[in-house]
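Alright, here's a single protein chain in two forms, structure 1 and structure 2, each given by itself as C-alpha cells.
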Structure 1
Amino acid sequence: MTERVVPPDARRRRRPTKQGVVLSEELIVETALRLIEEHGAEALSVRRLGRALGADPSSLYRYFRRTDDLMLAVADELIGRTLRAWRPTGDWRADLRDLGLSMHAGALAHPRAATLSAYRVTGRVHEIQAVETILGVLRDGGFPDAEAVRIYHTFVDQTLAFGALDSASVALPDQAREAEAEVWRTTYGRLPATTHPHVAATAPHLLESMRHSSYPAALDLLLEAAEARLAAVRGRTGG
C-alpha cells in the first residue's frame, strides 16, 4: 500500500464484494490476521488481501492508506481480543497476573502476528484502553503515579517480549522445535560433573524447566518486586 488519503465518508463500501460480503475495517483486519498466520508478513499486500476478500484491491484504500496502518490495526486487534476476555477482580496483583498471562496466551494463539507487532505502538482504541486499564489497576492498588508508570512500563515490555520470544519458537517448524528440545537432553543432560559441575547438579531441573516458557515465573518475580516496592512506599508514608 502507498500513501493515499480517502475522505472518511467514502471509506465504507456499500456494495458487496464478488464473494457477497460487505467490506469493513473489522473484516479486513480479521482477514489480514488470518493471512499473516498462514503466510507470514508477505500476506500484507493489497493484491493478496483483495483476492482473499473477493474485492478490488483498490477498495482497501477506503480503510487503510498503507500497509503499516493495517499492521497497526492488526496489532491493536490482538490487544482488543485480550481485553474483551479479561475480567478484573479488584486485586491488583491477581488482576495483573491474569492480564499478563492472557496477553501471553493471545500472542501464542497468533504467533506470526505477535512477532511482527510486539514492538509497535498503535495509538489506537484498544491500546489506549489497555494503557488506561493497567495504570488504573496500579493506581487503585495504591501505587504512586511515578511507581505506577514504572511498573506499567516493565510489565508491558516484559509481557510483549516474552510473547514475541515464545511466539517465534511456536512458529518454528515442528522438526526444528523437536531438535532444539533434544539438545537439552542429549547435550546439557549429559555434561559431566568433572567439567560442568553446576549444569550436572541441576540437570534434572534444567531439562524440565526448559520445556516450558519462563514467562509465568518472570511475571511472578516482577509482581513480587512490585508488591515489595508498594510495601516500602506505604512504610515511608505511614499508609
Structure 2
Amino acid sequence: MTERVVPPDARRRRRPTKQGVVLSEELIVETALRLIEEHGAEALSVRRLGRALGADPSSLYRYFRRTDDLMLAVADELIGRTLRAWRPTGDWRADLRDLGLSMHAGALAHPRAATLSAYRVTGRVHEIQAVETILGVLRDGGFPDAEAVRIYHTFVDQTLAFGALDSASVALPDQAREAEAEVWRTTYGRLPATTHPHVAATAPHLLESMRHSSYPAALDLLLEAAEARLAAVRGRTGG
C-alpha cells in the first residue's frame, strides 16, 4: 500500500503541477497564511487553497492527511513568527506582558488557526521553542521551578483560551457581529433599574468595556498576582 503522506525528508521527486508549481509543505503553509491574511479566515478551504496554489485540491492530501494537520502546521508557523518578532528586555513582567499581547494579536489575525491550535499540542519546533523561552523568562526572573511551571501553565492556557475566544468573535459573519453590538446597545443599554438595578447602574461602563477584549485586563491581573507571589517567596527566603 502506498502511504498517502510522505514525511518531508523522504520527499525526493519534485514533480510540478499542471500549472508549473512545485509543491512543498512550506509553500502550502505560506500560501494558507497569505490567503487568510488577504481574504479573511473563511477564505481558507482546501479547494480555495488548491486554486491559489495552482494545484488540484486533492494534491494537498499528499502533504497533510487531514485539514487539521494543515492547521496545526499553520499554527506552529504562527507561533514561530510571533516569537521571532518578540524582543525580550530582561524584565520578566514586561517581557511576559509583551509576549502575551503579541500572541493574542497573532491569534486574532488568524482566527481559524488559533481556534484549532488552542487546545492542541503540536510538538513542532516553534512550539517547543516557545515553551523553553517562557519557562526561561520565569526562572530567570526568580520563580522557583514549581511556581514557574504553575505560572507558565496558566499564562499559556489563558493566552490561548482568550485567543480562541476572541478569534471566534472575529470569525463571525459580519451580520452576526453587528447583531451582537446591537444587542449590547439596545438590550443591555435599556434595561430598567426596577428589574435590573446593577446592569442599569453600570450600563455606560458595561457598553464601553464590552467593545474590547478583556484579555489585556486578565493578563495584567495574572501578572499582578504572580508578582505578589514572587515577593512572598523572596521574603521567605530572605532574598
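Counting starts at 1 and follows the sequence of structure 1. Take the two forms, find the largest set of C-alpha atoms that superpose within 1.5 Å, and that set is the rigid core. This one's a predicted model, so the numbers in the text were calculated from it and none came from an experiment.
The chain as displayed in structure 2 is taken from the form predicted together with a further copy of the same chain. A hinge is where C-alphas change from fitting one rigid part better to fitting the other better; between the two structures, that place among His110, Gly100, Ala55, Asp76 is Asp76. Note on conformational change between the two structures: two rigid parts, with the smaller rotated by 26° relative to the larger (from C-alpha fits). Structural comparison between the two structures after rigid-core fitting shows the C-alpha of Ala32 displaced 3.8 Å.
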